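One chain comes next, on its own, written as structure tokens: the form predicted on its own.
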């Protein structure tokens, strides 16, 4: 009697999949880290010192000279009791010529910042997107311009501007502001243009768009965040600029706020009007501080986007 052995079909054995390895946590993100604790202490200490200095500046601008030195961190009292809390600001505004200087500064900074961005945006686009021969070398050359302290070129710049008759001249200050701010702005905007995908230019070329039209109609609107960031950073830097204004401006009619404050320092110190002097500092500092606080998120986002791609 023959026995037949039935063969069973082979069952495929699936390989056991190993779970993916969990990524290692960032250093200092788990558990106690002395370095992280030290960094947090330093950051909060730095922040506290800056807040304390800001509080002292604002409170001292409402105080009498006696209160400034005897009660530096107390709340202002005497000018409020006399019913004239803004006396120091009125003194600084009227005696330092801040009214005219404020208008000059606003116009000069606004026009200079806009022109800087208008000049730097096409330059950054050409260096980063058009494949210009030697563009990498030119970009590095522009970056070198950021590393040269402008204090080292003040004397030759003053001699050259003097020969052209542009010293003590707002148009000369405008040219200096634009020329010295272009390297940083070009370098900043180059990162934004490099972050844009190449497919946009390819699609525009297929549709028959010229590089000029591609830049203005497609690329420039997409870098709006970078343009606004560059505009704000230039405005803040030029608003607070002092050295060039001291060197190139010597008439009250052309003074910027920083230059007017420098001239006001001598007179206020001689008359012991320290409250008015500190109020003048507050008039110069607070507008840009408020602007930065309002637009800090946009500035940080713009810088991160341009540096991260």
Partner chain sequence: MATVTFDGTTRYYAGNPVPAVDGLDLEVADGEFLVLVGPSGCGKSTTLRMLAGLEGIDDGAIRIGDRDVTNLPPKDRDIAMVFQNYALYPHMTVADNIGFHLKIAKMPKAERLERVREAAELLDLTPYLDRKPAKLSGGQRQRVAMGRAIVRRPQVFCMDEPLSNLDAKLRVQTRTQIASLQRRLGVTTIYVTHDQVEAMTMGDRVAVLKDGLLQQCDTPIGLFGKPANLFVAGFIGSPAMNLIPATVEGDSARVGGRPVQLTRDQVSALTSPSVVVGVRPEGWRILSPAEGIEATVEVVEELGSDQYLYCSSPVEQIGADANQFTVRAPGMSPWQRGDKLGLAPETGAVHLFDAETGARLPD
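Residue numbers count along the first chain shown, from 1. Keep in mind that what you see is a predicted model, and the values were worked out from it rather than measured.
Absent from the display: the form predicted in complex with the partner chain. The rest refers to it.
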| item | value |
| --- | --- |
| Options 150-158, 116-124, 206-214, 184-192; stretch whose heavy atom lies within 4.5 Å of the partner chain in the predicted complex | 206-214 |
| One residue of 111, 77, 200, 143 in contact with the partner chain, assessed in the predicted complex (non-hydrogen atom, 4.5 angstroms) | 200 |
| Listed residue that, although the partner chain is not shown, lies within 4.5 Å of it in the predicted complex (heavy atoms), from 231, 106, 218, 178 | 218 |
| Touches the partner chain in the predicted complex: residue 164 (any heavy atom, 4.5 Å) | no |
| Partner contact for residue 222 in the predicted complex: the partner chain, 4.5 angstroms, heavy atom | yes |
